[in-house]
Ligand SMILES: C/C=C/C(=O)SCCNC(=O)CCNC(=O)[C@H](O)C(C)(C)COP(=O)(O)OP(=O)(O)OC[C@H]1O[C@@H](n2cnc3c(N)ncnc32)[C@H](O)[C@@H]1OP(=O)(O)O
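Heads up, the chain below is alone and in the form predicted on its own; it's given as structure tokens.
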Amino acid sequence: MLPELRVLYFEDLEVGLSETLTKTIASSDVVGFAEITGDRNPIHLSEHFAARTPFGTRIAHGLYTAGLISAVLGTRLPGPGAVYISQTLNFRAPVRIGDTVDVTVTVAELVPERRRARLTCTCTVAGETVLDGEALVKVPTKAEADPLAARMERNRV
């Protein structure tokens, strides 16, 4: 699953603008995340171990689910060129292998003088919030992202 890229510049954003990505969590996703990060907690990798926990089965890493927020920010809203400043995360419920996660990012506030956008971030499974928080990102203007195109556009007017 690679989301299609969409480039939005600061001047394209407005409060309330929203984007949702949907991802079904596969065992291979969780194993891959464990390999990349080194987090080999058996609650994520061993069905035998996880069966004895309150969850009763393997669960995805919380930061894997949070990483899906990054996928939205970096590819769709605002998209390529956006730079993370900060992120808060509240883990509300586990995400299990096979769950389908809907990740919704919504523009909550724009700070024009700093080209920052504050975005609410919510991950749900079957309508239940499993993770929520806020991201603060720096978003380039069209002129910053492509100065030559911006100059040419100004010269046409």
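Worth saying up front: this structure is predicted, and the values here are computed from it rather than measured. Residue indices: 1-based, along the sequence shown.
As for the form predicted together with the named molecule, it is not shown, yet the points below apply to it.
**Student:** Of the residues R116, R92, R40, R52, which one places a heavy atom within 4.5 Å of the named molecule in the predicted complex?
**Tutor:** Of the listed residues, the single hit is R116.
**Student:** Of these, 44-52, 96-104, 65-73, 25-33, which stretch puts a heavy atom within 4.5 angstroms of the named molecule in the predicted complex?
**Tutor:** Of the options, only 65-73 has residues within 4.5 Å of the partner.
**Student:** Taking heavy atoms and a 4.5 Å limit, what residues of 61-89 are near the named molecule in the predicted complex?
**Tutor:** Those in contact are S70, L73, G74, A82, V83, Y84, I85.
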